[in-house]
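Shown below, as structure tokens, is a lone chain in the form predicted on its own; questions about how it binds or moves come after it.
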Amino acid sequence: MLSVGFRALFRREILRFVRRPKNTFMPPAITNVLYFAVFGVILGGRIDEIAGYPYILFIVPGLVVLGAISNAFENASFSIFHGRWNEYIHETLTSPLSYVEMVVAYVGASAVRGLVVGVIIAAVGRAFVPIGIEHGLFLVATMIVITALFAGLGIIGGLVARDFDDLTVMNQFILRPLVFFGAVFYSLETFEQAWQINLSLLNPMVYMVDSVRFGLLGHSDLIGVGILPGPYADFAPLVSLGVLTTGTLLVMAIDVYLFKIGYGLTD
């Protein structure tokens, strides 16, 4: 049974972005119209199919990931930092909530924002190209895990940041470049050298984009490049999801610990 305090905190964090759709939902919608128009329609018409899919369809999963995790991270980091900046986070800390409930409320609300943005981006993509869902349950599970993961990382970012510029740097100059190099606009199978593939596999975003692409299109670069031994190659998406889930739980455990010791909360 969820406590009244948990429901109140979760509701407050949800209303934070629901009440301002022009700031939270309109920008990713407009930005992705431009992405699909430029990369999908204009450039996509000059590019051959990738992995048997039209280019505009191939990039949909990556753009969904980019929008979902960016918004989950931004929501959590801004909420924590804004609470620290205006000192109203102390009200949450002195409430009869456990640290686990606090973290889950912040992470859950931020993940919801990420999921909503992901759906909006998919709807925008649907206006440009027909999109099906090959593995629905896998897709839903992956989206929940990756948005929760980056919401958890956003909490850490909000605790570490010293001013609002730090939040911008984290999102624009660390998170987004990693996603762009995470096989959003290209397939790992296009690389001719093994070192290129191995270098790409060091980027955790590759696994997130690939998992969402597997859920939407049924295609996985990780299977194609043989990241697992032959008999187990087809289990690559499941292994990726398992690792991402473990990482999410670990990050949330770190969040709880930081709340417990008051890191960045009592400065």
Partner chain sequence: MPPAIETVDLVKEYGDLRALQELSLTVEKGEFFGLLGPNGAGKTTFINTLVGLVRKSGGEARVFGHDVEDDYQQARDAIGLAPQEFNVDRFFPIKEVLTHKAGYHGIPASEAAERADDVLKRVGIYDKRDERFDWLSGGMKRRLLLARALVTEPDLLILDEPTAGVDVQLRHDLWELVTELNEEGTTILLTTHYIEEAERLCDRVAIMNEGRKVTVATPAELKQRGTDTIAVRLASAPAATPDLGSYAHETTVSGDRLEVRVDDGGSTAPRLLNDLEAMGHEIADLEITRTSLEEIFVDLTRSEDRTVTRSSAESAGDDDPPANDNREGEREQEGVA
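Predicted model, so just to flag it, every value in this text is computed and none were measured. Positions refer to the first chain, counted from 1.
Omitted from view is the form predicted in complex with the partner chain, to which the following refers.
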The partner chain isn't shown here, but in the predicted bound form, which of 141-149, 92-100, 119-127, 160-168 has heavy atoms within 4.5 Å of it? 92-100
Contact label in the predicted bound form: residue 4 to the partner chain, heavy atom within 4.5 Å: yes
Does residue 82 reach the partner chain in the predicted bound form if we count a contact as any heavy atom within 4.5 Å? yes
Contact with the partner chain in the predicted bound form for residue 192, defined as at least one heavy atom pair within 4.5 Å: yes or no? no
With the cut-off set at 4.5 Å between non-hydrogen atoms, does residue 173 touch the partner chain in the predicted bound form? no
Suppose contact means any heavy atom within 4.5 Å; which members of 69-88 contact the partner chain in the predicted bound form? 78, 82, 86, 87, 88
